[in-house]
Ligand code: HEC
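One chain follows as structure tokens, the form predicted on its own.
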């Protein structure tokens, strides 16, 4: 009986991790906080943030993301150190959104 309860408890806590989807989860963050300066009309630093391919290609500073490694992704570094979006711009990227972006990049395969 104790083993059965332990097994039930373990299953209840083991929620499957939801995969982060670019179109559904990531792009909306970029649309509200980044694309006004990194999109179709403007491309600050020659960076387009509207697609995964464009992020991989990057801009003047090189690729914006390093698939599978958020710690080596310029995008994460600039957001983490509050350099992007520029300080005068609102809304800012929240801690939760930054963590979601990290999770998304870490899950990418080259």
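Fair warning: this is a prediction, and the values are worked out from it, not measured in the lab. Positions refer to the first chain, counted from 1.
There is another form of this protein, the form predicted in complex with heme C (HEC), and it is not shown here; the text below is about that form.
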Report task. Kindly indicate whether 36, 60 and 74 are, all three, within 4.5 angstroms of heme C (HEC) in the predicted complex, using heavy atoms. Result -> yes
Query raised in the report: Would residue 23 count as touching heme C (HEC) in the predicted complex under a 4.5 Å heavy atom rule?
Result: no
Query raised in the report: At the 4.5 Å heavy atom threshold, is residue 42 in contact with heme C (HEC) in the predicted complex?
Result: yes
Query raised in the report: Is residue 93 close to heme C (HEC) in the predicted complex, meaning a heavy atom pair under 4.5 Å apart or at it?
Result: yes
Report task. Using a 4.5 Å heavy atom cut-off, state whether residue 78 contacts heme C (HEC) in the predicted complex. Result -> yes
